[in-house]
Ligand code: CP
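In the block that follows, a single chain appears as C-alpha cells, in the form predicted alone.
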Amino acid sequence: MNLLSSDDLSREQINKIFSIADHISDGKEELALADNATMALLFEKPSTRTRLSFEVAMAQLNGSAFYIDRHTSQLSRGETIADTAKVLGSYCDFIAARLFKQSDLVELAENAVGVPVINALTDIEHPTQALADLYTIKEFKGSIKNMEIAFIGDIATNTANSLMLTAAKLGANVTLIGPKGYMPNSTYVNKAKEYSKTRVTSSLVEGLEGADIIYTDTYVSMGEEKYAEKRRKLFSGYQVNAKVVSMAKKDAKVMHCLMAHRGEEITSEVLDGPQSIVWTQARNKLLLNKAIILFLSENTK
C-alpha cells in the first residue's frame, strides 16, 4: 500500500493511523519495525520538519533512513524517476519522496514494486501534513467532527488540498478564505464536498464566523520564488493577526504548517500567542509519521 494522496485513505484507515499514534503516545507497549528496516528519503525540495521527522521516526522504530537529493544523485545527470525507483525499491523497505510533480511520485510508486511509497509533499498534495494537522485538532478539541476550520491566504496550495479533503472525510467543515477571484483546486473542493460542507469566500468576517480553527500557510510556496512580490501583494489583506483571530470563536486555535514568514502571513504575536498550537502541530509530525510507517508496514505484507 502507498500513501500518494489524501484520497488513498478511507475514514476508517485515517482513524486507524490515529489509533496507532495514540498507542505510541500512551506508551502502552513498544511498537517497532522489523530490525534493520530502511527508508529512502528522495527529496527534490528543501525540508526541515518532514525530513527530520521521518529520519527520527525510523530510528525510533529500530530502522534507518537515508537521504538522497536530486543534486547529489544520478537524477541530476538525467536518470529517470523510473530507473531510480527500481533501485531504491530493491534496496529499501520504504520510500518517502518530496518531489516537484505528483506525476513523478506516481511513476516512482509504479516502479518501486512492493515497497510502500509515501508522499512527503508534491505540487498538489501533502497528505502526511494533513494527518498531523487533524490529529492535533483532535488532541486540542477532543473531536474533529463538526469542527469549523478556516484556511486563510493561499487557498490553492498542496497543504490546503490535503487538509480540506482529510478534514472533510472526518466530518469537519472547511472554509477557504482568499482574494476575490483566486480559486482553490476545484477537484479537491468537489471531493471534499462529497463528505462535508466546504465553501470558498473572500470575506474574512464571513469565513471566520464560528471558526474553531484558523489555519494559514506561506504566501510563496517552494518553486514559486519568482512570483514572491506579486503573491505578497495578492495576499496582503489576509494576514493572520490579532484582529483576524478576534473574528473567530474566543477559544479558536491557530495553526501553521511552517516554515512561517513572520510579519507576512502571520504575526509573531499570534504565532507565539496563547491561541497558537503551531509547535504541538509541528511536534506531532514525528508521532504521525511513525504511525503512518507502522500502518503501511501492516498493510503491505
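All values derive from a computational prediction rather than experimental measurement. Position 1 is the first residue in the sequence shown; the rest follow in order.
A second form of this protein, the form predicted together with phosphoric acid mono(formamide)ester (CP), is not displayed here; the remarks below concern that form.
Think of it this way: in the predicted bound form, phosphoric acid mono(formamide)ester (CP) has a heavy atom of just one of 36, 246, 268, 48 within 4.5 Å, and the residue is 48. Shown without its partner, this chain lists 258, 252, 56, 32 as candidates; in the predicted bound form, only 258 has a non-hydrogen atom within 4.5 angstroms of phosphoric acid mono(formamide)ester (CP). Contact annotation for residue 126: at least one heavy atom lies within 4.5 Å of phosphoric acid mono(formamide)ester (CP) in the predicted bound form. Proximity of residue 231 to phosphoric acid mono(formamide)ester (CP) in the predicted bound form: non-hydrogen atoms within 4.5 Å are absent; the residue sits far from the partner.
Segments offered: 126-134, 68-76, 162-170, 195-203. Contacting phosphoric acid mono(formamide)ester (CP) in the predicted bound form at heavy atom distances within 4.5 Å is 126-134. Contacts with phosphoric acid mono(formamide)ester (CP) in the predicted bound form, taken as any heavy atom within 4.5 Å, map within 92-118 to 98 alone.
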